[in-house]
Every structure is written in C-alpha cells, then in structure tokens.
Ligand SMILES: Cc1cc2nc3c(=O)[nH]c(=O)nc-3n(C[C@H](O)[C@H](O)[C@H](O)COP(=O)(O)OP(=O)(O)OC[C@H]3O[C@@H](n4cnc5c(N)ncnc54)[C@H](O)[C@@H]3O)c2cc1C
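Given next, in structure tokens, is a single chain: the form predicted on its own.
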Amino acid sequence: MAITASTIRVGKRYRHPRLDQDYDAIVIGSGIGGLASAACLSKMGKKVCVLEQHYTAGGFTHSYERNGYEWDVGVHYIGDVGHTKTTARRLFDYITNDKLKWSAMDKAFDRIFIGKETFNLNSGKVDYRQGLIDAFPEEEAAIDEYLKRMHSVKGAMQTHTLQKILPSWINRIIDLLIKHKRPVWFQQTTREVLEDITDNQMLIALMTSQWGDCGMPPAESSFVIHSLIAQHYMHGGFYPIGGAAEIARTIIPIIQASGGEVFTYASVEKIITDKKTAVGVLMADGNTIKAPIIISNAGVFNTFTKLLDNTLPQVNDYQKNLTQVTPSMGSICLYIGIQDSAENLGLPKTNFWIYPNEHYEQVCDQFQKDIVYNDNITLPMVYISFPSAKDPDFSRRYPGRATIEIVAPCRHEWFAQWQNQPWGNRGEDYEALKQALSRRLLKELYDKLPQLRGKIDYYELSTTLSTDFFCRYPQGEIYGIDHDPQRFKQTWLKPKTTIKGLYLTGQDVVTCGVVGAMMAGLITSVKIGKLQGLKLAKAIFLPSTST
C-alpha cells in the first residue's frame, strides 16, 4: 500500500498549550538552515523551539504526497556527501546522529542538452576533467586553468565565511592581510572569468550549464557561486534514501533530545522587541513566545520588512542595505506521476539540463521581456529530475509507481493578478495558464524520453504563487537573494544582527542550496554558542585524524 499524506508530514502541530515557556532560543522557519541551527544548539544543551507556518517541516527540503505519489520540492540532488570526510557529510551526520543515508546517482549525474549537442558531467575530479577534454580536446589548457581558478575561489570563500562570525576589528586585519592575495575573480562574473580563459562559447556553455542551481546566467552570476556549485557536484550527485522528508525527519529527534520541538502550522507575525532587544515572537493566534535568542530563517527581506517594527533605528539601516540586493529567480515545477516503475520506464539516475542554444544571456534577455506568457516563449532553461529512480527506497513505499519533476524559470508577473486569490481556488483563467505551461514542459520531456508519451497518470504544476503560499517568498524566489558579485560584498549578511538577541540563518547568510543553507545554520550556532560553538566548528571543519 502506498504511503499516505499524513505519514510524510514532519513536525508537531502547533497549539499554544503544547508550548513550554522556558526556551533558550526560537527559530522562525524550518528550512535546513533553521533545522541545522536548532540541532547544533540542541547538542550544546539548549532548548530550541522551531516554528514553521507550513503543514510540514523542512522548507525547500520537504516532500509532499498526492494521488498516491510523492515528490520533493527542492532536494533534487546533493553533492559532497559521498564520503564521510567531506564537511557537508560531517555536518549532516552530526545533526542527524548518522541517521540520514545517501544513494549515489549515475556516473553521469548531469546530462546537458545545448541545442542539438549533448554532453555529460561525470563524477570524480579526474573523470569530470576528462569529460570536458574529450568534448573539447583543443581546449585542454583552458580547462585546466578553469579548474585552477575554481579551486582558488574555494579557499577564498572559506575565509569569507569565517569573517561572518569574527569581530569587526579582526576582520579589518584579515582584509589588510589578504587584500592582494584574494583572486581578482572573487568579485567578477562567471562570464568575465571564463572569457578571459577561452573564447569557445560552447565550452563556456557546458562549464556553466548548472546555472539553474543558483538562478543566474553566467554574465550575471558571481564566479564565486559558480565555482562552489561546480565543485560541490564534482564528486557526483546523491539523493537521501527514503526521500527528501528524511532530512527533517532525522534532524528533529536531535532538537527534541534537549527538550526542544519543531511545530508546524505555527505562523509568526512579528518579532517582539523590548528596548532594541529581540525577546520573543507574536504568533498569528495572538499568543506570544519568549526567548533570549531569536533566529530568523525567513530570509532577509521578510525579516527586515515584515517581521520587525519599522521604528527600530537598526531596521531602517537594514532596509537601506536591502536596496543593494535583489530577490532571486522564480520558477514553475511540474510534478508527474506514472503507474509503472522507474526501472520499467527506463528513467535514469541522471538530471537533464536543456537549453535552446549556447547563448544563455540572449535567451534570458528575451525571456525577461515576456511579461505575459504565450506558447511561443522560449524557456531559457528546463531541468528534469527523476526522484523515484534516485531513491532506492521509493519502490518499497510506492510499488509500481514513478515520479518526475520538471523545473523552469518563469516570470512572477505571469501570475501576479491572482496573488490575492485563495490557494487551490484561483479560477479558470489561472488553471488554463497552468495547463498551457504544463503542456510546454511535457513537450520537453517527450522530446528526450518519447517512451513516456501516453503513460502519465497524474500531473500538477506549481507556480510562484505556490512558493509564496507555502514558503513565504512573495515573488516566488527559490534562492533567496541573487548571487551576483554585489551580494558577496555585503558585510551585513552574517548571523549576528545589530539588534541584540536577533540572529539570521539560511541561504541568505552564506549561499543558496541545501548545503549552503545548512552551513549558515552551523555558523549561526557557532556564533551563538561562543566557546561551545568554537569546539563545534573545530569538530566539523578540522576533525581529528584519528576519527
């Protein structure tokens, strides 16, 4: 029998009488950044209350079930977890007590379709490099220079992250010491760096073919985020065994072990301040919860424009800072269910990235002009994921069933007229638009896997309005704030705010993605935990050679 919807709902339903009033910390939002912060603090002996407005915990790592199928909404694949010595794997193991298990994808974890050309990105540094050289043998020197520059950015990013938790006076000294050592491409766009290496546009398109993982084409994205993403997956892609919901499910017991809890249906209206100090939260039901530490995992725009009192002088300063960053791209996602197994259907453990041609920015520029959707619009990118093929436990939970997800960029303006309509009842015009978009995405699927034509049992489309309703991102932004070079100049994007008792975590603090947000959770807890936090940081970043 297929798993029911209720069994993949993670967290305890909020009721005010169920709360204790002696929490050491409150976390707003149960995305991986919030859960990681709470779990790390719990291991320091702190009692943490996590508040999630959705019906299930996990943020973009949650799963949902409908019509006998289960999908993830954001955990399409994770990198750097195939070996217990990587920082990402050590942190996942730490916050789950080794309970979260991983399954490797195919050797060719990403398949890239650029116009009529097809390429594979292969796992392992040697095979990754060789795959690029096999496709472009005359560009071997450029490829090696590319890999060298990415590696240099990784070291610079470690210092950049460390500076987010160090005192300002120490950071000033570090800045003086590294002023001439930090690579110039740390503040350049991806395209600027790559066109300094090669003028082969198809090679550049292949090297930047994962730009959908940060939502910005190479002429706009920082080379920092490009390098982090490419190196993150260089050792292959992995998927949580048991589905994406296993992430929250395995973290929550760690939070509960110190008396804490993760509550769902728990909508926070305001952060309460007293004499410029954050002291608690006001809930949608009118009740308050107090704690000396408040951690916002709600994103910087929500935190400083919706959750805080505008009369606080610090809030005005942060709102000025917000003019230096912009919300990231929105997306549509088609969730597909088929009454057959992934094996029978020939579904791969490989992601598909589909582009109309190698000129990414030209397509994106035209796309940005299309305020109203029509069937002739060229989508800049289409991504196809096969979660039921990636998860070896899926066939046990859903025998004889398979799932597919198709993601593409969209314009929030396409859906804005229905923004104030109730979820699930936005009218026939809205549903007609969703059907048109669904047909457009299915066309891409059938083009690559024609054997699936006529076999789909169920599908439904999510839009930017769905992202807003479930995750409180008003423009449907899936990566928080944009990862352009300007973003990495913002010294205020760090865990400790200028409001006493208030901290930030999540993908706006370090970088986007599951691991980026989780790392933010770690450094937030390190900053709060002081000496205990330093011990935790050492355990994760500098493990003993004997372990």
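Everything quoted here is computed from the prediction, not taken from an experiment. Residues carry their position along the shown sequence, with the first being 1.
Unshown form predicted together with this ligand; subsequent notes refer to it.
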query	finding
In the predicted complex, segment of 198-206, 430-438, 75-83, 172-180 with a heavy atom within 4.5 Å of this ligand	75-83
Listed residue that, although this ligand is not shown, lies within 4.5 Å of it in the predicted complex (heavy atoms), from A266, V262, I95, I225	A266
Candidate from L504, V510, I26, I478 lying within 4.5 Å of this ligand in the predicted complex - any heavy atom	I478
This ligand contact at A298 in the predicted complex, heavy atom, 4.5 Å	yes
Partner proximity in the predicted complex: S42 to this ligand, non-hydrogen atom cutoff 4.5 Å	no
This ligand contact at Y398 in the predicted complex, heavy atom, 4.5 Å	no
F367 within 4.5 Å of this ligand in the predicted complex, heavy atoms	no
Residues in 13-34 with any heavy atom within 4.5 Å of this ligand in the predicted complex	I28, G29, S30, G31, I32, G33, G34
